[in-house]
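Take a look at this single chain in structure tokens; it is the form predicted on its own.
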Amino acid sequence: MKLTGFELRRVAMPLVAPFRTSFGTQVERDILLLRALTDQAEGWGECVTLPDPVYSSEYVDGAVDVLRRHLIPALARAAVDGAVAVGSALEPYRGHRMAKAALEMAVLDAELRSIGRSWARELGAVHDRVPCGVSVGIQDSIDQLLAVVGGYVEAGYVRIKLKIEPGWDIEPVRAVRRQFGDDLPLQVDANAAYSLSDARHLAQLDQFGLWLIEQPLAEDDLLGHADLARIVRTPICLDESIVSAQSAAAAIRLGATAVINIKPGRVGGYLEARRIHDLARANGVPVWCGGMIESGLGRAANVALAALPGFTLPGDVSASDRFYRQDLTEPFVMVDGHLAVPDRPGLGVTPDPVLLARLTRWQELIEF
């Protein structure tokens, strides 16, 4: 397979409702898409950067710049002929894992489409459907939170994740437990909003039987998470701190994490995500697949990843209508709390050309 270029495209997808976390509120998803052009097939990649560097140091404008000026030219010079070669070609460039992941995803999709192999088969999936969890943003009131959670429970989601921050943590969780009972699979996500000095406060969450508390401290504070894990009984799950298999190994060795949230964009791609899965599984650490409000393209890849054997907890692989009234691809529809794993070549889905054209705000073709 010979790469002949890439198309970069920014699309604006309105959300069905504002999504608030400890680092901000989104009402529209500014998505950077990449289309790999080859002599055999085309492939799609989705960059999960946010408009501002608040979740991580990466952001959409920065990703566009580094792709145009450095990463895509590097692939052209290396004459990359498959996804495995993408990582080594981009290794001289520090960071920018989300941009690199989007390139790898687009190349891998084209490669798999050209040989007729599905994303799930390539990664090593063992399930044909995966359980759906849902992430619930910070609400304006507890009554509103209970109404939102109730809607997702009624819809059939098998796990609820609540976003928390200082001032919105103990009482919202208490209210959800009181309303929906102790049997509801429930976890919380702090997005690094706390410090180790909040340990005793966070320990109050132990009374609610949560599956885990996700990324309570800063992303670079592995020692702080290890200390926190000795104070709270609720299992600590790391998200932002896990940027590679190497960082995952360090976190496991230090006792900083009992569960890992794997987000392919955050770790540099689906091949590295698979390496983290393999490492965690070898060490008896459960993993689950996180989400970044992807379109159907990223959702298809995440669903396939979540079908690997080590993904023993429901991830943030919700149905398309959780965030979008109309997805870029054919919608992912939840049935009995699960999504089907695509089994067609590559990602198994493609964007609707009419909708894609309508939502596109900018595009650029870079030919080799």
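A residue's number is simply how far along the shown sequence it sits, counting from 1. Since we're looking at a predicted model, the values are computed, not measured.
One more form of this protein exists, namely the form predicted in complex with a small molecule; it is left out here, but the text below deals with it.
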property	result
Candidate stretches 179-187, 78-86, 285-293, 222-230, one within 4.5 Å of the small molecule in the predicted complex by heavy atom	285-293
Residue (of Glu272, Glu111, Asp169, Asp239) lying close to the small molecule in the predicted complex, criterion heavy atoms within 4.5 Å	Asp239
Proximity of Asp327 to the small molecule in the predicted complex, heavy atoms at 4.5 Å	no
Contact of Phe332 with the small molecule in the predicted complex (heavy atom, 4.5 Å)	no
4.5 Å heavy atom contact, Glu58 and the small molecule in the predicted complex	no
Exercise: Ser320 in contact with the small molecule in the predicted complex, heavy atom 4.5 Å	no
